[in-house]
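Presented below, as structure tokens, is a lone chain in the form predicted alone.
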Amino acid sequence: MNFGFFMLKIGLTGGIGSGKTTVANIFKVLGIPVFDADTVAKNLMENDPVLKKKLLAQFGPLVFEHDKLNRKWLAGIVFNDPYQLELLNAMVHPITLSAAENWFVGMDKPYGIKEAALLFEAGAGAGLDYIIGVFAPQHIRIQRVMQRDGLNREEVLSRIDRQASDTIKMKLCDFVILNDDQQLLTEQVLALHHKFLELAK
């Protein structure tokens, strides 16, 4: 246990295609643990028996393919039906929030980061000391997601529309990292890293 520090709980969020995972990976290189809420949620959907049963009851057998979550199929359902998206979030968010709380317990680093796309939408910002927002202009986000996920422009816009406005999100954040392919991400992350180390003392 490192008794020289008071561990801070830091949130990291940003809209789809903003580059928050890239930012999280830089923090990891600096030795900071990161809780990836999206990955944890997927693992819980595949492995938690109670949650799995709920998903099958609501969405049917196609929600799993060879016992793995059929993410593309499920996304096609929920991102075209706000009611289904709300139902999915109501099933997944509480158990993911609980997993994050357990993850923070007993950590011996000066700070840890909870990365979540829907940090504000899911009410997952409660109990965090500071929140970092990652911002990128919408045209860049659209291009990134089209290349990454093989989606067309309309599909990406549909997903963006299901998330809170990035302008609103950034106003709710304590710090904002600009990821517009012009600013150096590493320098911005390093500046925050040193700030958090000082705040944790």
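We number the residues from 1 along the sequence you see. Note that the coordinates shown come from a computational prediction; the quantities given were computed from them, not determined experimentally.
What comes next is about the form predicted in complex with a small molecule, which does not appear here.
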**Asked** Hey, in the predicted bound form, does R148 get a heavy atom within 4.5 angstroms of the small molecule?
**Response** yes
**Item:** the small molecule contact at G15 in the predicted bound form, heavy atom, 4.5 Å
**Value:** yes
**Prompt:** Would G19 count as a contact of the small molecule in the predicted bound form, using a 4.5 angstroms cut-off between non-hydrogen atoms?
**Reply:** yes
**Asked** Counting only non-hydrogen atoms and a 4.5 angstroms cut-off, does R144 reach the small molecule in the predicted bound form?
**Response** yes
